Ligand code: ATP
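Only one chain is given next, in structure tokens, and it is the form predicted alone.
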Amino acid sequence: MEITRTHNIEDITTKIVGNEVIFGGWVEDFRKLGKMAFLTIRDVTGLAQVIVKDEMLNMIDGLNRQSVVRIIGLVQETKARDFKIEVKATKIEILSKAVYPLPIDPIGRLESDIDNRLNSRALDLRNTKTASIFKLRHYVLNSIRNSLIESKFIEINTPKIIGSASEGGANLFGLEYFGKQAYLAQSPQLYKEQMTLGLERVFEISSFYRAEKSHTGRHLSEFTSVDIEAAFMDYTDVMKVIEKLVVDVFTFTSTNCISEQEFIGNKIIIPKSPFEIITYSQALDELKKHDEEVEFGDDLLDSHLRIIGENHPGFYFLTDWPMALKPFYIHENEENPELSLSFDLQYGYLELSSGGRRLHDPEKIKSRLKEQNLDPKNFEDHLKVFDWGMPPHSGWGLGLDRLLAIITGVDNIREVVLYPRDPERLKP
């Protein structure tokens, strides 16, 4: 069986009228009119109309929508309203028949809820909106890598199976590893800090895992994180890095993803820069004006962030968090030790990133571990690196899936993840 093709559908244009083409795709629709039939064939690049006449009709007997075909035919002009050209078939090969009925209608004539679509995700990708979301995800990843590489960052890959609770968190997935206790990594934090010793500026884009029983449209058990760590950079420096990265992503996709925006139904607007900066203390003052009594040192709840987000739509930094709310590796503000050199990047109420300056003095790290009831012995492999000449460094982690939800304008983060994992979903 021959399966190769000479053209993708996007390449079949008015420039090659009169030429023979061979292309493949799936049958999105077909109509029979007497001794003639019209097929609409789609591949990942576009949609084409195919004319089938006379004895050629026998080749499509029993053909169901979504079946995969290979077409050989001549490109010709058309009077069809929705197409600039059409292909007159000289040969049609059915490569794979689709069953009927299908579990979902990928064209969207019959709407399916998110769970049914996820259960048939591969078929759901034949929906132009869904496919456009994941094409856009591809372009976002491309832009992120280009932005960081241009800033002299080196891409790394850290372990996802680890031997200890690296950040002291309780929300870890445990597993048996050849007779030993192991965990799935919830972040690359300690590894990426260690990498600054020799590589100075590093980044990673990878999946990480948190065993949180959250049931919201913005939480997942497996998520994609973009992480950086940079030697000789303060927290304000890496804030500039993430701001540039976000603006670069929006600029790149708004220019290069025109059709994707149309199919998704969301126009990408480039955010204004520089992003607004508000402090934790300013946020408390704003909450008091809304009769929300939040004391210094209290974490900000979702309800609090929604109030602040209404006051600050779009992207903004929330800085100068209390040290008591931050992990052991975050550096204190030397002028006011109650405050940390840290930030969150917010989009309205939604937290996208958390970062800051890191401690690089091993004795200070040991002290902070004890303050947080963590045993320094469990961090010996990490701490010994700091005795080898650790440079001062800063970094952040960015939730890619949340960023995609903003870019595409969807409310449910599962829309931008191929096979999402949450407390209820382990298949497909």
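Because the structure is predicted, anything quoted here is derived from the model rather than measured. All residue numbers are counted from 1 along the displayed sequence.
Although it is not shown, the form predicted in complex with the named molecule is what the next lines describe.
- Taking the partner from the other structure, the named molecule in the predicted bound form has a heavy atom within 4.5 Å of a heavy atom of Leu352.
- Although the partner is absent from this view, Ile9 stays clear of the named molecule in the predicted bound form, with no non-hydrogen atom inside 4.5 angstroms.
- Remark: Leu220 counts among the residues lining the named molecule in the predicted bound form, judged by a heavy atom distance of 4.5 Å or less.
- Within 4.5 Å of some heavy atom of the named molecule in the predicted bound form lies at least one heavy atom of Ile413.
- For the residues Arg117, Arg210, Arg126, His312, the 4.5 Å heavy atom test against the named molecule in the predicted bound form is passed only by Arg210.
- Stretch-level contact check against the named molecule in the predicted bound form with heavy atoms at 4.5 Å: of 212-220, 253-261, 152-160, 194-202, the positive one is 212-220.
- Residues of 5-41 that come within 4.5 Å of the named molecule in the predicted bound form, judged by any heavy atom, do not exist; none qualify.
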